[in-house]
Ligand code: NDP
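The chain below stands alone and is given in structure tokens; this is the form predicted alone.
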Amino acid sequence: MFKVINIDDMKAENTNQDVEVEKVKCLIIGSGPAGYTAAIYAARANMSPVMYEGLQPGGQLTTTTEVENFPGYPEGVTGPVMMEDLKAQAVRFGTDIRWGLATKVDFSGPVHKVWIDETKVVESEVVILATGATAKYLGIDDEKKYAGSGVSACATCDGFFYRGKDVAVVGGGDTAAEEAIYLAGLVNKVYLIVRRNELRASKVMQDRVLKTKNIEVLWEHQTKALTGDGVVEGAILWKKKGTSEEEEVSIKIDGFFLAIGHKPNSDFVKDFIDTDEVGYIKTIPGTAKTNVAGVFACGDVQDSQYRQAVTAAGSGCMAAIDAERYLSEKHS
């Protein structure tokens, strides 16, 4: 998790403190498939990368039980094991991996400055941002209780495990509609839980949802709780909550998919790096370059479309290659 800290306030706080300053060639902020892949390529290019993993070393995939769609694992692999494999490969080539939080940056000069844990400044010629995105949750306790045991925020990642079963998708926008349609091709039945009496999704997506026979839209429903012995087996919903017609509804499901959006972990760089209205970092098409020379972005922090481990890894490769070319041109 990364937070925004006012630069002027930070300067004032550090006036009477000894702040350690370290100079490096390549700094990678964040881990996961994007960060670790960037580290592998950067290390092999003799860029001596230093990585700060952040609050969740390995990224979102460490909360995933089984990964069956990443190339090279024909029998599948758990998310944590795959991340340890990627990390070990990055370390093998010389990446200096550390635990720490990037709290603010100063990209205004030729040397890029990043504050770690508000007490240390790392000055780097190139910075690769691989801080990922955080799935939005409803905030009910059962989401944590059943994380990896029926609760998922990625239908394309985990839908395969629910073939022939009944699942629920929460949300009313395009993402929820897309995930419901995708799951409908795999599972027996999809309940689409919609808070309002209409979908926010585009007209074409609404039509597709309503025409898909095994999708049942539960209008004006909200999730109260999930049930099950160790794994999700059902959900308790409120229908028309807060009205005179309010009632409690129970459905039997094996999977509960959240599709209410993601929040890119980009707040700490927004004073310098261009983002879209949601917070996804903008990169020059076909590259990992941001609007600041020498700063590159990869993985889910800049990808609002695919959000897959394999695409994140690919963008990490791009970021490292772009960074190496930037340094070569700079020193030529």
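Predicted model only: the values in this text are computed from it and were never measured. Start at 1 and count along the sequence shown; that's the residue number.
What comes next is about the form predicted in complex with this ligand, which does not appear here.
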- Item | Partner contact for R196 in the model of the complex: this ligand, 4.5 angstroms, heavy atom | yes
- Query: Wondering, does E178 line up within 4.5 Å of this ligand in the model of the complex on heavy atoms?
  - Reply: yes
- If you check in the model of the complex, is G261 within 4.5 Å of this ligand, heavy atoms only? yes
- Query: Do D174 and this ligand come within 4.5 Å of each other in the model of the complex, heavy atoms counted?
  - Reply: yes
- Query: Considering K240, K113, K224, R200, which brings a non-hydrogen atom within 4.5 Å of this ligand in the model of the complex?
  - Reply: R200
- Message: Please identify the residue among L138, V91, L210, V249 with any heavy atom within 4.5 Å of this ligand in the model of the complex.
- Response: L138
- Which single stretch, out of 145 to 153, 120 to 128, 184 to 192, 253 to 261, brings residue heavy atoms within 4.5 Å of this ligand in the model of the complex? 253 to 261
- Any residue of 301 to 332 with a heavy atom within 4.5 Å of this ligand in the model of the complex counts; write them all down in order. Q305
